[in-house]
Structure formats: C-alpha cells, structure tokens
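The form predicted alone is given below as one chain in structure tokens.
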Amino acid sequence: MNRQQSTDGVSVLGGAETAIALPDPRSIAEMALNVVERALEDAELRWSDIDAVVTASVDLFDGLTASSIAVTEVVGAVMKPETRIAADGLAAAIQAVHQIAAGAYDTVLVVAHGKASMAHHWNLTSWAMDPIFLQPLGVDFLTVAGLQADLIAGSDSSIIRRWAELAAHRKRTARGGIGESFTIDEVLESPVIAAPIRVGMCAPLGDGACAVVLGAGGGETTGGRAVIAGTGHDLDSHHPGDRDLTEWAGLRRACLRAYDMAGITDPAVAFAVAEPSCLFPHEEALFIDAAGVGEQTVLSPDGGLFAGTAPAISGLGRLLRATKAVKGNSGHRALAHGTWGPAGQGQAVAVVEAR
C-alpha cells in the first residue's frame, strides 16, 4: 500500500489496561495478550488490521535481555515491524504517532507491560544509576526522589503536610486499587523511606499491562474522535547533580513542543483534564509548574497513579484516561504525561483533543 503523510491527525482508536494487582498471577505474556485482545475489540479491529507494533518494557525490571521478545507473539509482531522503547509507555505511543504521521503505517498497536512483584523495584533501580559514584552509595530512584523532595520542602513543615493532604486525597479519589488508604495524620506518621518521603506518600507499584491502538484519521463513532494533536518528549541529564532537581525542565521543553504542534498558546486555559504520572505528591507541583496548566484543569480525576501503577505502563494508561475524559466533548483537550528515570529525567506528553 502506498501511504501518504497523515493530515487528519492520529486517532486513538481503542485501548485497554489491566487492573493493577500485587501480584498478578499471570505471566507477562498473558497480561499483554489480555489487553491486546481487549484493545482490538474496543477499536473494532482484527489482528490483520495492525500494520506495526511498538512496545514499552525495561530489561532491568523484567529480568530479561531484550524483554520485548517475551511478548513478540502475543502482540502480533511476528513478521511485522516492531519497535521496542525502553522507557515509559507514552514514549512508545509518541513513536507510533510519528510513524503514522510520517505515512509509514496506517494503524499501530502500542503495548506496555511491567511486573513490580518479581523483585524489589526500588532496589533494582540502583543498577540504573552511575556505577562509579552513586551505586556504591546505594543510591536508587527512590533516594533521588527523596533528595528532590527535600530540596523543594527545605525546613518548611507546612509543605510536607500539604503533600500528606494531597496523597491522602488522591488515594481516596482512587476508590480502591492496591495499597493502603491513609488519613493525613496517618501519612505523616507512616515510616520514612527516603526523607522526607513517607510510605503513605508513595503511589503503590504492582503488575499490569496496557494497550492502545492508534490510527491515521478514522475513529469516527457516535462519541466522536479523540486525536493526538501534539506530542513532546525530552531526556535530561542522567546524573542528578547535573540538573536543578527543584524543577522539571525537561517536561517544560517537552510541553513547549507539544503545545506548538497542537496550536496551544495558553496552556492555563487549554485543558479540561490533565493526567500526570506522579508517584509522589511533590511531583504534582513540578508537573503543574512545568506544564503550565491552570486552576480550571482537573488533575487526576480518578486518583492518578495512587490507584496503583506498574513499571513502564503509567504514561500509556494516562493516555487512555485522557482520551476517555474528552471523547464526545468536541473541542475539549486533555494532557497525558509519562516520565521515567531518576527524578523525572525522561519526560513525555501528549495533547489529546476531541473532534
């Protein structure tokens, strides 16, 4: 088939995600197959309608070399083009968006998976830190997040309390999921795991998978289309000491690219909903500042990641939530966000617009 560059936007045709479990008794392949079959059903497509596949997974977290090999068959990538992104699932979706926009494919399946139950997730992340200066100190993503929170809060105890209030609120909004619910005081009394971060301030990690079908144009239903109108991604310096941890400069740059693509001049009034990937309450303030969203934007209406999430799937799940939030409300926009690496090193955003 001779394809041309998409001029009518890239549509979210369908998607599905597992409920986060700790643990999920199914294998990675079983979880992936489940969401792929449901996503295809949601999009009213068959396996043969998929031109290419993009997956998101991390070898370190799966304990596998080339972790995408574990799901090649169940995502339908046998004898089809496949790309693996070793980052958050939203980065994989952005890869697919640009494949379609460039005219390489008409329909692309995006799948992300992660199983935090297989090992102690935060301990594993130490292996992704600098092996000379940081690994010998036992530094991992959690300790860097604690350093980031400490730099932001300083000696202001009122900031810590606001974070406790936000964490308790997000968990209540989530209406279940995995992990415990805490009152504000219980959050503040829960054990410190990376000062000033306490157990009650952490979004719970478990096992899960997510799949999204993207296509050129199309997606016309009685509920209208949901189009990815803009995308942006950025990768900041890996060494935490080489950047200002009190801001997400990479996210700001990613947002500027996405807003320019989507024709957004004032993000403070552009979005009805924003779905940030925030594992800790201090990250929400970083997101708001970098993305420039205003008070009228509803953040994480379903509790965000505090309902539970899994490594590598968060941003792709946020894309699904953002799509559902605006579809059928022509002209409404939502912002989906994904992040990976220590203290938000990698950032990805997608502007979803209902048409």
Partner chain sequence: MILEGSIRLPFSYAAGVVGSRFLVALRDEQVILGGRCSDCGTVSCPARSMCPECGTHVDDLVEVGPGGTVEAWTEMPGKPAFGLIRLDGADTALIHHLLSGEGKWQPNTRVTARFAPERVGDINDIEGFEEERGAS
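Positions refer to the first chain, counted from 1. Note that this is a predicted model, so its numbers are computed, not measured.
Omitted here: the form predicted together with the partner chain. The next part is about that form.
Contact annotation: the partner chain lies within 4.5 Å of heavy atoms from the stretch 140 to 148 in the predicted bound form, the single such stretch among 86 to 94, 259 to 267, 173 to 181, 140 to 148.
Proximity to the partner chain in the predicted bound form, defined as a heavy atom within 4.5 Å, holds among L235, A195, I159, A104 only for A195.
Between the partner chain and the residues L166, L245, L188, L279, the one pair within 4.5 Å by heavy atoms in the predicted bound form involves L245. The partner chain is not drawn, but in the predicted bound form it has no heavy atom within 4.5 Å of V74. Mapping the unseen interface onto this chain, V78 falls outside it, with no heavy atom inside 4.5 Å of the partner chain in the predicted bound form. Under a 4.5 angstroms non-hydrogen atom cutoff, the partner chain in the predicted bound form lacks L205 among its neighbouring residues. In the predicted bound form, the partner chain lies farther than 4.5 Å from every heavy atom of R252.
Heavy atoms closer than or equal to 4.5 Å to the partner chain in the predicted bound form belong, across 101 to 116, to no residue whatsoever.
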